[in-house]
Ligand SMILES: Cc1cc2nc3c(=O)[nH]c(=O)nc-3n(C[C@H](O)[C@H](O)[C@H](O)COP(=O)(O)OP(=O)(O)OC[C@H]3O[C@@H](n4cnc5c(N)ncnc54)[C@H](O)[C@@H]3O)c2cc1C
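Quick heads-up: it's one chain on its own, the form predicted on its own, in structure tokens.
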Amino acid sequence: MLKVTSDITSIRNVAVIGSGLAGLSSAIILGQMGHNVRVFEKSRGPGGRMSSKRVSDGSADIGAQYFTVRNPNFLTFLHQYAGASTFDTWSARFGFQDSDNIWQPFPQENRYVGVPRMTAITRALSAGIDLVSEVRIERLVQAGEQWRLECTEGKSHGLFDQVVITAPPAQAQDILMGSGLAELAAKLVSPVEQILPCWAVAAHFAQPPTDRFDAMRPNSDTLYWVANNSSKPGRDGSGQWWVLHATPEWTKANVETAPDEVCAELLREFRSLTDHTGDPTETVAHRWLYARSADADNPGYLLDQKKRIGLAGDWLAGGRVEGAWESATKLAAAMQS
């Protein structure tokens, strides 16, 4: 496991910007290495894209739908720092439409979800972390050998020896440009272009709209993903909540469309897909401007050792949920060297 340093002269004050899985993992790992870490989050709580929306009888996962594990150390990390009760396998029926619109089953593998919602994992990971929420860091100001963090309200939030940025690449680029770090910001031009947006809609049905699969990847110009959120473990409540994700192309064309119109269009396509004629009893829409990364180079992390600034995130490591942890792990090791 992680080795905690015993040399107090090497202890550093580290700021982490963003409290998604990459930010929380960075904070935990660097903390275990013996450093003093503080996490800054612009929203009310941690989670990032492992996010859930509160709905009338529970919650619906509108961001990351599930995660898989290729590196057993990731599972060990979650057991140790989040706890075994915060996630479980999603034993659902997964299917996709091939180019001929024929339904095929997904390959068999363990797929995990947070219990009773995806944010249960990030909430648990943040429990032992110094987390400052509802503060949007705008710039880093060099103060000798340290960095002073300033928020959008012009307030100072302390001096730090090192800074880890885990915000999406467009937001990270804004911070770097605002801090006069144009050379490092230039490395994010391609990643910014590779990030895809996504409109997400959660819809509640009193009666099951389909029994074909619990989760589906349709061959559609409008819908990229549909899933019965109520089929996940720990989701209580009557009826079924379904989550619909639009394709990146449709989202780009409708990025400024009103949420009600988005719901109507995605539900229209969902009815066509399932032959369900009933209306939902409740809907909620959410626009992800930075949903996931398209195929790109995967350096794992970015680090300017001289400036003492690093960047981590799933967009640097293949776009998967596990990639966020892998990126944080590799960056922390590089920062320690």
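Computed from a predicted structure; not experimentally measured. Each residue number is its position in the shown sequence, starting from 1.
One more form of this protein exists, namely the form predicted in complex with the ligand; it is left out here, but the text below deals with it.
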query	finding
Candidate stretches 27-35, 40-48, 264-272, 301-309, one within 4.5 Å of the ligand in the model of the complex by heavy atom	40-48
Touches the ligand in the model of the complex: Ser52 (any heavy atom, 4.5 Å)	no
Partner contact for Gln65 in the model of the complex: the ligand, 4.5 angstroms, heavy atom	yes
Partner proximity in the model of the complex: Gln171 to the ligand, non-hydrogen atom cutoff 4.5 Å	yes
4.5 angstroms heavy atom contact with the ligand in the model of the complex for Ala15	no
Within 152-189, the residues that have a heavy atom no more than 4.5 Å from the ligand in the model of the complex	Thr166, Ala167, Pro168, Gln171, Ile175
